[in-house]
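A single chain, nothing else alongside it, follows as structure tokens in the form predicted on its own.
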Amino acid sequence: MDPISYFQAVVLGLVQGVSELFPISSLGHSVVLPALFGWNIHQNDEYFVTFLVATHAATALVLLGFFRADWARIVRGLWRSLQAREIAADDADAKLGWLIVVATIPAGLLGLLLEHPLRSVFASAQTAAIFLFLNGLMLFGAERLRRRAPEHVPEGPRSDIVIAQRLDFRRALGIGTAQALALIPGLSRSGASMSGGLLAGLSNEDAARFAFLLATPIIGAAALLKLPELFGPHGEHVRGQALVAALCAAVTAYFSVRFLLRFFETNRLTPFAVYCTAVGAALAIGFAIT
């Protein structure tokens, strides 16, 4: 029998596309859902890790396509700064590009060094549920920060200019370090990045935008690094399911990013915080009892 059925692939793909961008932890949901439904799938199974790589690659491609015009400006800005060997004071695109580079470094290094150890230590569904609860508490704390953060003014400078003006490289490094929390199942990459952005003084909308831009190279690089495994022994009997899951993840990721960019123009992190604390607590208790 195939280790993952096509029905399971559809469910996991749809959930991954939403939970990767919503601040509710895609990895946490990938761990607790099989245990909740009684599926014989474990986070440390090599075929499952390979399967998840395909869904992450799809999400990264959606983010890259959605922000393609922004990335074109950012890449041109990086090239200008390299040619001039400096970041011009009025070049917001170059500044934003280097902020993303700096913020990517800690998550990338910690991911290479700690991904496997953390995945092994925090592999149980109950542990993931506990960290999902803690993720909700983190979001509640971020919401308190949001109330102190400046509001984004629609008729003001575009978000990239605001982000470049309000963030320095030390704060970008802090946001990147916070993003590395997503290595622990149950803690959200986007939630940690948004929280770090709010702490650095961004509005909720600009913090979400920077979190999505920052997620693109991290998710994409991780997917490219491990995607060859899908065509090796670990991809046996899951390639078709991985393709189906990737397509499902791409669809939900596209609608998720569209929804969230509009949602955070006027709304708060509180609904996601309530969801994570309630679901995390309920699952942790349920797994402990059973």
Partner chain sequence: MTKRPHLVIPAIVVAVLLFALAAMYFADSASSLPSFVPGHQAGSAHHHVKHGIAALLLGLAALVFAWFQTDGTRARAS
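Numbering follows the first chain given and starts at 1. Keep in mind that what you see is a predicted model, and the values were worked out from it rather than measured.
Quick note: we don't show the form predicted together with its partner chain, though the next part is all about it.
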Contact label in the model of the complex: residue 98 to its partner chain, heavy atom within 4.5 Å: yes
Non-hydrogen atom contact residue 81 with its partner chain in the model of the complex at 4.5 angstroms: yes
Proximity of residue 226 to its partner chain in the model of the complex, heavy atoms at 4.5 Å: yes
Contact test in the model of the complex: residue 90 vs its partner chain, heavy atoms, 4.5 Å: no
Residues 85, 109 and 113 all lining its partner chain in the model of the complex, heavy atom within 4.5 Å: yes
Which of 205 to 213, 188 to 196, 170 to 178, 98 to 106 lines the interface with its partner chain in the model of the complex (heavy atom within 4.5 Å): 98 to 106
Any residue of 186 to 217 that, in the model of the complex, places a heavy atom within 4.5 Å of its partner chain: none
